[in-house]
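Quick setup: one chain, the form predicted alone, written in structure tokens, and binding and motion questions come after.
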């Protein structure tokens, strides 16, 4: 561990630097970053590797600062081709879905470029648009919509850009695009499949009558699933549609009653917006008992670690022992929780 490698004297000097800078919140994490930087120097790390590490940390700081004022505003990221022309039906779909979500109070995050990204930013408007651009020698600067209120941050590396396009959002809409769009879409699916990201709604939106995403669906069902390289239900969590209204309903409806989750040891805690009745909990156990490694779905008060962290203590909770590989089943459980009669109506 880093704390065991640096000398006590050097750690004391770093603590002095933090004292002088007035850094007190989350000090252990800041200390760890500084110690890692010193160790990179001690290791004789290659200059190019140091440049990558330095630029990545600097870019993440810039992005964190961009998003920080809007931490409590729900966000949806829209992916799609930079080559889509303004008169293309897909451009209109992107603009309309962004406008509809902005009307519901959502901010729209894009890659800040032209095409679908420009369309989504236009639909949301400058005040509700955030952009995370990539610096490329052949690509235009960030579009005028996100630049209007300086709601944009530029990245050198795709991996830092992708991190920020994903980590801040509570929903995702992918419109047809090329390698970059498909890379972003598969990244989303991988994070969901492996449980490395919390459940979020993913919509693959096409133009009216379009077949782009249906081709992907056929490939998944006819090739990937039969080959055993994915589980049969891994694609069930994705909505494929050509309807803006359906896309908006999928994004907002996912959060109708479900609010968040937290793992505490091998227990999964689901935080809800409205408390379910005993009869509803019994029905959930009847329907989803096969997803559990043991026990039942039960009502619970905030667990000790949640109380210690002051983690959404006001919300009603369900606790269960979820089979770790039942990620697809978790999406179905969340859908059922959102459909309960006790769930909020709005």
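No experiment lies behind these values; they were computed from the predicted model shown. Positions refer to the first chain, counted from 1.
We do not show the form predicted together with a small molecule, though everything after this point is about it.
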Listed residue that, although the small molecule is not shown, lies within 4.5 Å of it in the predicted complex (heavy atoms), from 193, 181, 260, 274: 181
Candidate from 164, 82, 269, 204 lying within 4.5 Å of the small molecule in the predicted complex - any heavy atom: 82
Option from 249-257, 109-117, 94-102, 228-236 whose residues, in the predicted complex, bring a heavy atom within 4.5 Å of the small molecule: 109-117
Interface membership of residue 177, the small molecule in the predicted complex, 4.5 Å heavy atom rule: yes
Partner proximity in the predicted complex: residue 264 to the small molecule, non-hydrogen atom cutoff 4.5 Å: no
Contact test in the predicted complex: residue 154 vs the small molecule, heavy atoms, 4.5 Å: no
Contact of residue 127 with the small molecule in the predicted complex (heavy atom, 4.5 Å): no
